[in-house]
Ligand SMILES: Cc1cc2nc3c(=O)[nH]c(=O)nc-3n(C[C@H](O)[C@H](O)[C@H](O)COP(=O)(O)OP(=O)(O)OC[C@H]3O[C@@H](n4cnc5c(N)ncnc54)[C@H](O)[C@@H]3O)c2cc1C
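Quick setup: one chain, the form predicted on its own, written in C-alpha cells, and binding and motion questions come after.
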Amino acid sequence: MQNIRSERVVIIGGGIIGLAHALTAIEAGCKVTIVERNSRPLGASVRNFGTIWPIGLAFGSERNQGLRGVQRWQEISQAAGFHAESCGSLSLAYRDEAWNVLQEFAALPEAALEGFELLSPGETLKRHPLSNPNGLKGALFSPHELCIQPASALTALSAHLASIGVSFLNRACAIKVHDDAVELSDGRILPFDRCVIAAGDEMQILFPAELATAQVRRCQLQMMRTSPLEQRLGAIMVSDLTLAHYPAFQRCPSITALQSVLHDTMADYHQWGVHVIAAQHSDGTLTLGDSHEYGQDFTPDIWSHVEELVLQNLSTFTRLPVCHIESRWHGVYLKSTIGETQVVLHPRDRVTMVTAMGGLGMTLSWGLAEQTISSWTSPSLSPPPPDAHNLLLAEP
C-alpha cells in the first residue's frame, strides 16, 4: 500500500478489527497507538469459533473481501508465529431441500472457478469419516476456510505488532473522542491525525447518538469448547441449519423451502437462533455453538437447554465420541437490523467507527482495514496545538 506519511493514528479497541487496522496503518507508514481497556483482548474477538469464513458471504465484493482476509491471515500467521489451518469447510445436507440448495449454489456461475466440490454420501464418508451417514444426502466442500485459535492468535498478533512499532496502551479507557484527540479516563490526551474506533459493544459509550441511528442491536452468543479429541474432523463442519443462516445461499431458489421446513420442524432452534458449527483447533479441542439472543440487556445465564440443542444437532451430522465440555461462555457483538454485514460510521471528520460485522469480523476485518486506510486523503493534516483541551498530553 502506498505510504501515507507518518500520520498519527489512534485506534480504540485491541480486538481483531483494531489489530487489522493497526497493522495496515503501520504498513502504510503511520505511527499507530492502540488503546485497549483490558490487558489483552477479551471481547468478541476471542469468544468466537476462530473460523475464517468466506463460505458465509455472498458472491461479490464482500466475498472478495473475505477471501482477502484468508490471504492476510495466512501471511500474518507466518510472520507472527501462530497456526492457521487451511482445513476448508464441509456443509452437510440431511434434507432434500438442503441438498437442493447445495446443488444450486455449486451451479451458480460465480462458483465455477472457486474450487467447490459436491460430494455424494459415499465420497463424503470416505474423505470425512466422522460425518454421520444416517440420512446424508450429500455435501459441499469448500477449500477456502481457515481455522485458528482466537485467543492465542490475537496474543501472537499483538506481540508481532509491538515488535514492528505499534504502541499499546493497555488497561486504558477512552472516555471521549474530540476532533483531534482521544481523552482517557486518567486525564491523558492522545492527539491524532486519524482515529479508528473498534471497541465493539462498548463503543456506545463514545458516540451513543450516532450508534443509535445506525440501526444496530446487541446479539449474545452461547458457546462451548471440548477437551482435546484424538480424531480429526478434517474440515469445519456445518449442516442444514447453517445453510439457512448465512447470506451466501440466499440466491438459491430452494433456500425458502429449506427455511420454511426448518422453522416448522425445529421451533426450539428457531426460538434461540441456534445453528451449529463444529470447528477443531490444532490442539484437538472443538469449539461448538452457537445461539443468538437479541436485545439491549441479557441475563448472565448459561442455558443448559441451549447447550442440549447444540449437542443434539451436532449428533445429527457428526459421529463424534461423547465429548467432555471443558468451558462455556457468552460472546456479545453488535448486528445490523437492516441486513448490513458491516457498519462504518464517521462521527467526526477524521474519525472512523467500525461496528456490526455480523459475526464475520475475523473474516472481513483485513479487507475493511485496507478500505479504511486507502480512503484517507493525502493532504497533510495540521497537528493539534500542544495545549489541546487543556489536558495532560501523552504523545502516542
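Numbering starts at 1 and follows the sequence shown. Because the structure is a prediction, the values reported are computed rather than measured.
A second form of this protein, the form predicted in complex with the named molecule, is not displayed here; the remarks below concern that form.
K.L.:
At the 4.5 Å heavy atom threshold, is residue 332 in contact with the named molecule in the model of the complex?
P.N.:
The answer is yes: residue 332 has a heavy atom within 4.5 Å of the named molecule.
K.L.:
Applying a 4.5 Å heavy atom distance criterion, does residue 101 contact the named molecule in the model of the complex?
P.N.:
Close contact is absent here: in the model of the complex, residue 101 is far from the named molecule, nothing within 4.5 Å, heavy atoms only.
K.L.:
Is it the case that residue 211, even though its partner is missing from this view, gets within 4.5 Å of the named molecule in the model of the complex, heavy atoms only?
P.N.:
Contact check for residue 211: no, nothing within 4.5 Å of the named molecule in the model of the complex.
K.L.:
In the model of the complex, does residue 198 come within 4.5 Å of the named molecule, counting heavy atoms only?
P.N.:
Yes, residue 198 sits close enough to the named molecule in the model of the complex that at least one of its heavy atoms falls within 4.5 Å.
K.L.:
Choose one stretch from 344-352, 24-32, 62-70, 42-50: the one whose residues place a heavy atom within 4.5 angstroms of the named molecule in the model of the complex.
P.N.:
That would be 42-50.
K.L.:
State the residue from 221, 311, 233, 323 whose non-hydrogen atoms include one within 4.5 Å of the named molecule in the model of the complex.
P.N.:
It is 221 that has a heavy atom within 4.5 Å of the partner.
K.L.:
In the model of the complex, does each residue in the set 12, 15 and 174 place a non-hydrogen atom within 4.5 angstroms of the named molecule?
P.N.:
Verified in the model of the complex; spot residues all in contact, yes.
K.L.:
Select from 349-370 the residues with a non-hydrogen atom within 4.5 Å of the named molecule in the model of the complex and write them out in sequence order.
P.N.:
The stretch 349-370, when checked against the named molecule in the model of the complex, contributes 355, 356, 358, 359, 360, 361, 362, 363 at the 4.5 Å heavy-atom cut-off.
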